[in-house]
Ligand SMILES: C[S@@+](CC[C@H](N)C(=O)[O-])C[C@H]1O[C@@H](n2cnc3c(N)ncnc32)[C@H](O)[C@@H]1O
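There is one chain below, alone, in structure tokens, taken in the form predicted on its own.
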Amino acid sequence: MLNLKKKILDYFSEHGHEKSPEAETKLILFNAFRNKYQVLNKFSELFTEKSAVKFPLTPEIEEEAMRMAAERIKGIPLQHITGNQFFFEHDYSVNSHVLIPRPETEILISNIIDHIKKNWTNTPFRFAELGLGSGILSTEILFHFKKSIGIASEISSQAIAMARQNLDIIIGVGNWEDRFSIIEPGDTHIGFEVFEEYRPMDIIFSNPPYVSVNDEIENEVLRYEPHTALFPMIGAANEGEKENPNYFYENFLKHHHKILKPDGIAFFEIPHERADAIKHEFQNAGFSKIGIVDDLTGRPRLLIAQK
């Protein structure tokens, strides 16, 4: 395996691929071996002294690994090539119809789970998520808290299909439908008002579309990740409507009285460029308890709000 690892690293170097080549090579190796040996579940299982005996290298594995490396140097996200991304405590299936789970969003789910443990450890609670995507946030809540009851909205039918697949694998087929529902709005303008017909929630959370066309965005993200999950009102913007990257935060503040309990709490991933402006909007809406949590780079990334 060491020879194959060097071959991939040399291939990356020859083609000028400098984005975490060591880490990406290990992920390519792990997925190539896992495709062959279905019993290989943990990353650490492959990189041990006994792995060569348990999981011998075959020509098919080498061919698969080099195929992945060739796709990667074209700029295709590694997660789209492998079809998965580890997030928080589980390995999630992903594709081009959903955002790739990112470390910043683990800060969001960690804070939500910590709050739930302090307030609803052994009691039922209700939650809602706007923008289900691949299902990473709601799935982790359902997994960790068996008495939770939730609902989520998602504009993309392809993303819903991916989320259902992840729910089936992680929660179990037939084990989540009785306590979790998915709504598919018919319009990109529809936000939190979709939850108004349901009972008010204890917790509302979202990693909504919040990217502005003026923000610094990696070309790889623009080319391969779904724009409806990045840009608010992308459909309307294409028709000449003025951009509003804070659309879904403002939409929540417009409807929060009907969808969030008086003692409820809201968690939002936010853009660091507009963190102060968003916080100010929540203060003007009457939220007196507002916390901002920084990401791993020290930039504001999470807003927590209570009345």
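For every residue, the number given is its place in the sequence shown, counted from 1. These numbers come from a predicted model, not from an experiment.
The protein also exists as the form predicted in complex with the named molecule; that form is not presented, and the subsequent description refers to it.
This chain is displayed without the named molecule, yet in the model of the complex the stretch 148-156 from 165-173, 148-156, 215-223, 118-126 comes within 4.5 Å of it by heavy atoms. Looking at residue 187, you'd find a heavy atom of it within 4.5 angstroms of the named molecule in the model of the complex. The closest non-hydrogen atom of residue 33 lies beyond 4.5 Å of the named molecule in the model of the complex.
Using a 4.5 angstroms threshold between heavy atoms, residue 204 stays clear of the named molecule in the model of the complex. Contact check for residue 84: no non-hydrogen atom falls within 4.5 Å of the named molecule in the model of the complex. Of the residues given (112, 99, 142, 78), 99 alone sits with a heavy atom within 4.5 Å of the named molecule in the model of the complex.
Contacts with the named molecule in the model of the complex, taken as any heavy atom within 4.5 Å, map within 110-149 to 129, 130, 131, 132, 133, 136, 137.
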